[in-house]
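Just the one chain here, the form predicted on its own, laid out as structure tokens.
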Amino acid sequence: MSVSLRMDGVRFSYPSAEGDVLALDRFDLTVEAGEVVCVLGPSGCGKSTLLALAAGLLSPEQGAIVAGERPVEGPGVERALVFQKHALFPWETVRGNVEFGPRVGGVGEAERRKRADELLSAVGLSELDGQYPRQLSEGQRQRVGLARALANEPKVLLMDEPFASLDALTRRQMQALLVSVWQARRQSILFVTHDVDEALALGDRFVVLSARPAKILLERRVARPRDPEALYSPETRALREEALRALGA
């Protein structure tokens, strides 16, 4: 299988009042084409730093990051980052937010409209395309954020705890929506979460990171296809306990 994203021997540190803090050191991770990889780890271990490096918002001190066959040297349309907070433009409508990336990228009006129509339908917001972010619920804003990230047709979707601030029901609905969108489009996804059950529900594979500098303590595959009942199977319960033990370590 081809590789969408590869991190080889990555090292990154950031300054603090007490001196440089080493977040990642000789860190390796691969995301295959069409694969969903969920990253678990304690707070402050470097999960968000990992995504920022993959997005090209930060540059490694050592090592290499490759998206497809190209070194990551900055942001690119082949990678899209979805934040925990939706980060929508308040002055743009729902449609304006979704069309923003393609518009900046020079995509013609007819194609922009076509992409927005398809994505707004996929996330269930076709009838709210003229609304502004302030008029939407938090769950609806996260749906717009997902549609906006997909509008540039990225090969890799980078997701930084995008559902963490949602209530339990809305969170489950967003997880189901993400699975539905992934099944239709098959982007590679690197998904950061604190929630073991979320990793088991979404991932083809999950990794558990240590405290910084982050090392991979545990890496496991999760069989597909899955349904909600599969989360309670003996195999999945065993994976859950293994992940929780690794997080406790």
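Residues carry their position along the shown sequence, with the first being 1. Everything numeric here is computed off the predicted structure, so don't read it as measured data.
FYI, the form predicted in complex with a small molecule isn't displayed, but the following is about it.
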Inset, instruction - Kindly confirm or deny that 93, 96 and 136 each have some heavy atom within 4.5 angstroms of the small molecule in the model of the complex. - result: no
Inset, instruction - Answer for residue 44 alone: is it within 4.5 Å of the small molecule in the model of the complex, judged on heavy atom distances? - result: yes
Inset, instruction - Determine whether any heavy atom of residue 131 comes within 4.5 Å of a heavy atom of the small molecule in the model of the complex, and answer yes or no. - result: no
Inset, instruction - Would you check, heavy atoms only and a 4.5 Å threshold, whether residue 21 touches the small molecule in the model of the complex? - result: yes
Inset, instruction - Look up in the model of the complex whether residue 187 has a non-hydrogen atom within 4.5 angstroms of the small molecule, and give yes or no. - result: no
Inset, instruction - Just one of 66-74, 178-186, 47-55, 30-38 has residues with a heavy atom within 4.5 Å of the small molecule in the model of the complex, so point it out. - result: 47-55
